[in-house]
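Shown here is one chain on its own, the form predicted on its own, set out as structure tokens.
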């Protein structure tokens, strides 16, 4: 995806956030154990994660990202995030932890979660960064006392246009000047949305102003649950396709949300068969993107995973559906720390044994486990 392929990796390349960058650097350079955490807040697509990733690269420290929605209780936070924060890096490098969507913790279901986060801030030997879209909710009142708040603002149209120009040049795309400007305006300050829109049109020989008009006026960012409902109830491929650009989830992740919930929405066998057939074709394109890094396949992946699933429905359902978090993503979230640590150990062993991590895993690890 363009958002991954052209991710800003140098602190100096971050656009449109000069005051915020100064505040973040000042916080990091003066941080010591027991100091306040950093709470980055602002709308989607303005670079909250990219900034901290770039900071970690600049300072040569490990960047460890977690999502608060994957750890619902104080016990889970203590056993996963707490243990990871307490451990030293295998190669004695520093660490910076980023816990996304801290405002996704609910006041009742996640009882004790905020208190546990505060304990981590006070006890950790590593800086912690939280991100939130809505930081001033009452449930975050106590957490805010232990955080330095830094706001990231919507990006200017000119800043987004400059970034899109760089991508167009590198991808050797053809686009009318007015069309590029309109694409930047359509994003509403969200660079990620602009990059996704550009990518959705990248299969065209030349992008015109008419193509931008077809994208329609951008809707405000919606939750993944609202997106699922709109996709499953869409009447056309284009209607379902447009939903992808309005939700703060990458298409690769949204694929698993759709796959996990289509059986909850559709009830007829022929509808399910057609929907899963479309998803299987989308999965083929998804895998081709992973194997070849040919991002032009993304447009076809989205067509099938959103539009194909939508038109598989014979009639519109008006029942209320309780959508579920994808099991695969939840499992990967819970095991992210463990898998990262395992990879660090494999790297260490590979260095000692003068071979690849793949060879360590397949040829050496089974015997080392026996020992």
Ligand SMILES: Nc1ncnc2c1ncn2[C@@H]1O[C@H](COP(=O)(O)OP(=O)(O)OP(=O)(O)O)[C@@H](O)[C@H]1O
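Numbering follows the first chain given and starts at 1. In this text, all values refer to a predicted model and were calculated from it rather than measured experimentally.
Below: the form predicted in complex with the ligand, not depicted.
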Requested in this report: Only one of 247, 231, 147, 155 comes within 4.5 Å of the ligand in the predicted bound form by heavy atoms, so just point that one out.
Outcome: 155
Requested in this report: With the ligand left out of view, choose which of 133, 142, 213, 223 has a non-hydrogen atom within 4.5 angstroms of it in the predicted bound form.
Outcome: 133
**Report entry** Site test, 14, 44 and 47 vs the ligand in the predicted bound form, non-hydrogen atom cutoff 4.5 Å
**Finding:** yes
Requested in this report: Evaluate residue 192 for contact with the ligand in the predicted bound form, applying a 4.5 angstroms cut-off between non-hydrogen atoms, and reply yes or no.
Outcome: yes
Query raised in the report: Is there a heavy atom of residue 253 lying 4.5 Å or less from a heavy atom of the ligand in the predicted bound form?
Result: no
Query - Contact test in the predicted bound form: residue 178 vs the ligand, heavy atoms, 4.5 Å - result: no
Query raised in the report: Do residue 365 and the ligand come within 4.5 Å of each other in the predicted bound form, heavy atoms counted?
Result: no
Report task. Given that the partner is absent here, state which listed stretch (334-342, 48-56, 23-31, 303-311) has heavy atoms within 4.5 Å of the ligand in the predicted bound form. Result -> 48-56
